[in-house]
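Here are two versions of the same chain, shown separately as C-alpha cells and labelled structure 1 and structure 2.
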Structure 1
C-alpha cells in the first residue's frame, strides 16, 4: 500500500552537466524512464529506496490485518480479509520486481528489511486491536495510501508507474471494503458504534502522519519533485485526504478526534490541529509498540522457511543435472 513521504531523494550524482540536462529534458517532456535507459545514480538510488520501502511496507502490512483472519466475524468477512492480505503480498511481489529492474535483488532488499537498515511505513507499527480496526485500516490507511499512490501512477519511472496502476485498482477496492466494514458497525448496536469510534480515534492521527512531515522538514523532497518521482507535497496530499475523509466520517456518524478541525471557506478545505511529530519520529525510529515484534516475526518467518528454500534449490539442481545427463546419454 504505502509509500510515504518520508523518503528523500538522494541528489548526489557524478554525472556531468550535459548528461543531467539531457535526463532532465526527458523528465520535463514527460517521457517514461525505462530500466535500460541512462539515469543519474541519485535517481536510481532514490527509486530503489522508495520502491523497496514500499514493498517492505506491503509485506510488514500483512501482519496487523493477518492478526484478524482467524477471528473475522463472518465467513464473508474472513474471505475478504484473507484475499486482501493476499493482495498485499502480491503488491510486495510486483514492487520487488519493479525494484529489481534497477539492479537490486529481492534477497538484498529482504536482507535490508531484516537487518533494520530499510524502513517500512510506520503505520504498521500500530496494533490492530479490535475488528473495527480492520475497517479503520481499510478506510483510512488504504485511503491515505491511495492519495499517495494515484500520483505514483504518473511517476517518471515506467516499471514503478505501471505497477502502481494495478496496485491502485486493488487498493481502492480495499478502501471501499474497509469503509463498508465501518458502515456495518455504524448501522449496528451501540457497542459496535463504540468500536468504530475507538478505531477512528486511534487511527486518525497515524493516518495523517503517513504523508510524512511538512515539506520544510522533508529534506530531499524537492529533488524528487524535480525528477517527477513525486508530484505533490506531503501537506497537499494530507489536505486532500482530510477533505475526502471528513464527509465520510460524518456520513458514518463518527467524530474526527481533532477539536481544531474546521472548514476554511477561503481555502475551500479543512484546517486541522497540530500533528504530534514527536510521536511520528519516535515510532519511525523504532519505539512503537509493534516495531520489534513486526521485524522479529519477519526474521522468524525467514529463518523457519530457510530449509524449504534450500530444499527447493537442491531439488531444482538435481533435476537440471538429471536432464543434462539424460541428454548426454541420448547423444
Structure 2
C-alpha cells in the first residue's frame, strides 16, 4: 500500500563511499537508525516521502467511512465504525510525528497534501456507495494494508517501525470488523449477499493496486529494499494478499471478480489476471472518481478548523508564559 509513497521519490544521495558503506553496514547488521544518527540524504528523503504519504492516507481514509457513521444500521455498528475512524486519525498523528523526526514540519506536510503536491493511497479515491462497501473496505483495504504494515514493523528507521507496531494491532481489529460485516451480509437475505458481492467486485482490483506498480515499473523500490525501508517486493506482497483473500471469499460464498484467477501448484499460490495499470496511474495523477472531492473536503476541514488550532496555540503560549513567570518569581 505505502509503496505508492515511493512514486516520484528522489532516492539519489551524494555522500562519499566510506560514509555510505558504513551506513549500509549498520543496515545489514539490522541496527535501527534513529533521528540523530547520520544518514544519507536520499534515505531521509525517501522516508519523509513514504511516511508523510502514509499519514496522508490515514487522514484521507477517514472520509469514505466517516460518511457512514450516522447511517450504520445499528448502534453497535455506529460505535464500532466511530472507533475505527478515530483510530485512523490517531494513526495519521503517529505517522506525522515519526516524519517530523526527519526534519520536516507537520505544517509543511499538510500544505503539500492540500496543494496536491503530495499523494495518498489511490484506494481512497473510490466511493463507499453502500454499507457493504464498509465491510469490503475493512476486509480488503485494511487487509492489504496489514500485508504492508506488518513488514514495516521491521523497517530500518526506528520511529517508523515503532509507530507501525501500535498501528498494526489496531488495523487487525479493523480487518476483522470488516470481515464480520461481510459475514453478516452473506448470511442475510439474498439482496444483502448481492450487496456484498457488488462491493467485492468494485474493491477487488483497486485493492490489488494498493501494493503499487510491478517491480519493473517501481524504480525506487530496489533502493528501499537495500536500505531495508521495505522488505518485500510489491508483487510478492500482492501475491500474499491474494493467497490469503481467496479462501476468505470462498468461506463467504462470494466470487472473486477475476476470470483468470487459478491455483498454481508449482508456486503454491494463485495466478491472477492483468491489472488495469492505466486506471491506477490515472487515479494516482488525480483523475479518480473521488480525487477532487477528497481534497476539497480536506481543504474545507483545514480552513474551518483554523480557529481551533489558533486558540490551542494561544492557550499554549499563555500557559508557557505563566510557567516562565512563576519560575522567575520562585527564583
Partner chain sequence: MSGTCEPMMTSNQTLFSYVLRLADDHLILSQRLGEWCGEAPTLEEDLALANIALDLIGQARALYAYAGQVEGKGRDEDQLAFMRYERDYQNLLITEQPNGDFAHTIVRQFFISAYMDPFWRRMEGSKDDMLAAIAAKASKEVTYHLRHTSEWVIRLGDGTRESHERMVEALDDLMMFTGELFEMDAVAQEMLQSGVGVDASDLKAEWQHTVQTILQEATLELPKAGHMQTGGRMGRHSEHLGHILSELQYMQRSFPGLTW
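Take the two forms, superpose them, and find the largest set of C-alpha atoms that agree within 1.5 Å; that set is the rigid core. Residue numbers count along the first chain shown, from 1. Quick caveat, the model's predicted, so the values are computed rather than measured.
Do you think the form predicted in complex with the partner chain is shown as structure 1, or as structure 2? Structure 1 is the one predicted in complex with the partner chain.
After a rigid core superposition, would you say the CA of residue 24 moves by 2 angstroms or more between the two structures, or not? No, shifts by less than 2 Å.
By how many angstrom is the Cα of residue 311 displaced between the two structures when the rigid core is overlaid? So the C-alpha of residue 311 has moved 2.9 Å between the two structures.
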